[in-house]
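Okay, so here's just one chain, in structure tokens, the form predicted on its own.
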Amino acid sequence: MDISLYVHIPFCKKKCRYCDFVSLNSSDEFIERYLRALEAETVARSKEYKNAKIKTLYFGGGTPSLLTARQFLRISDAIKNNFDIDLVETTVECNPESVSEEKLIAYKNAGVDRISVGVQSLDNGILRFLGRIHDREAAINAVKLAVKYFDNVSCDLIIGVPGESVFSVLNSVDVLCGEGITHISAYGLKIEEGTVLYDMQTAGMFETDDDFAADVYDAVCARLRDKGFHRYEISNFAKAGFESAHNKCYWKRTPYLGLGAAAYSFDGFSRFNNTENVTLYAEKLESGILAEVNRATLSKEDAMTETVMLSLRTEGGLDVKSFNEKFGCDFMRDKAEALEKNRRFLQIENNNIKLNKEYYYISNSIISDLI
């Protein structure tokens, strides 16, 4: 069985205002403790997955580049020494303030072939609003450094941020593309409960504008298309041949295993995850116990819903014939009313359903109707 492997490094120098991921600022001593627990989980899970072959490997966070080169190599070696590895892609997420030439060389020597840089914006005002601790210059320098060592470099951008302009977002796109990157993920800002931005919005300190965010998204899509990037998923754009193999496994619902606190896994039938409590995660592994806290077997209806939702986010859309054969149904008949209601938003031909690209920004409401 081919699977993808995700490794969560939950440490950051400072939590960003928009972030609701499991991340924390911690001492060097606790980071070492966490890494020992991660090594223990790697050994334990490899025994469960002894017949699996790892095809993609992704170090995410948090901030994986916060680890020293030595610490990163420890975890990389533990994975290689315990799992059956046949990698087509290995990605490390980096933040501008913690990436360095030494670390990039270590990644390269460890077999990493893809770097994802958390730029978010090249507008210093927007970076301050988001609570980022790097500035425009640091972000550009980090991208330059990554491109120096890697042929496949991706950058994250957050769009639809209060106070930004179409000009500033397109400037970020232009500068990053000019540095030779091969992939951009452009995510609309989401204000999640429990974040600093949520509290600020609740206090009336700013408002969001969905119409403006849609305009920014359309402008980014057009600019990236002009620069030779194709949109292969609603928020993801790549030069030909540089799509994220790891992320595509999520959208295709192929099995993946998550290691680390708060990491999620899918074995093809069930979803399960580790505790979000990083201290409890370490304590469990120190006691020889996996830190898994939830496991649920998906019903047929769950699997159908996920397949429709994830397929329609991608350029390939939903293969209706394959869907009907897999689930023993007639999608066109069963969803006739919803399909008719949303007909102008969809391309329906040759047993395939896709979102019309000009309506990607309202995809959630369209997909909701169909599930």
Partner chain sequence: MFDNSKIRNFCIIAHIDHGKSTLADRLIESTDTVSKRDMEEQLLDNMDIERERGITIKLQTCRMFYEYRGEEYMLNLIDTPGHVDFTYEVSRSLAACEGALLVVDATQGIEAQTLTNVYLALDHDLEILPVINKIDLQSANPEGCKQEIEDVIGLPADDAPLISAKEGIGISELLERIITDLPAPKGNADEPLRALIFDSFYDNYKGAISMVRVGDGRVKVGDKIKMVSTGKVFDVTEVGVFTPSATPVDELYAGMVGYISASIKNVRDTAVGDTITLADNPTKNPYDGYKKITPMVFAGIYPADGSKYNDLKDALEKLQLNDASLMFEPEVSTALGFGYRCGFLGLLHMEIIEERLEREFDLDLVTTAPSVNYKVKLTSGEEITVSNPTHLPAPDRIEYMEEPVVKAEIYTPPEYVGAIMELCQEKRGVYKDLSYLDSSRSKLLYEIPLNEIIYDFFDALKSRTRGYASLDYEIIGYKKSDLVKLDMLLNGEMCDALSTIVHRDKAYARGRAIAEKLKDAIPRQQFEIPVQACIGGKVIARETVKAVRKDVLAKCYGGDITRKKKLLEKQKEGKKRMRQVGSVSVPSEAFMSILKIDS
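All values derive from a computational prediction rather than experimental measurement. Positions refer to the first chain, counted from 1.
There is another form of the same protein, the form predicted together with its partner chain; it is not shown, and what comes next is about it.
Contact annotation: of the candidates Glu32, Asp302, Glu315, Asp330, the single residue with a non-hydrogen atom within 4.5 angstroms of its partner chain in the predicted bound form is Asp302.
Among Asp84, Asp210, Asp113, Asp135, the residue placing a heavy atom within 4.5 Å of its partner chain in the predicted bound form is Asp210. In the predicted bound form, every residue of the candidate spot (Tyr6, Tyr250 and Tyr361) has a heavy atom lying within 4.5 Å of its partner chain. This chain is displayed without its partner chain, yet in the predicted bound form the stretch 182-190 from 282-290, 137-145, 182-190, 74-82 comes within 4.5 Å of it by heavy atoms. When its partner chain is considered in the predicted bound form, Arg344 lines it closely, a heavy atom lying within 4.5 Å. Taking the partner from the other structure, its partner chain in the predicted bound form has no heavy atom within 4.5 Å of any heavy atom of Cys177. Mapping the unseen interface onto this chain, Ala106 falls outside it, with no heavy atom inside 4.5 Å of its partner chain in the predicted bound form. Among residues of the shown chain, Pro64 is not one whose heavy atoms approach its partner chain to within 4.5 Å in the predicted bound form. Contacts between stretch 195-232 and its partner chain, counted in the predicted bound form as any heavy atom lying within 4.5 Å, involve Asp210, Asp211, Ala213, Ala214, Asp215, Tyr217, Asp218, listed in sequence order.
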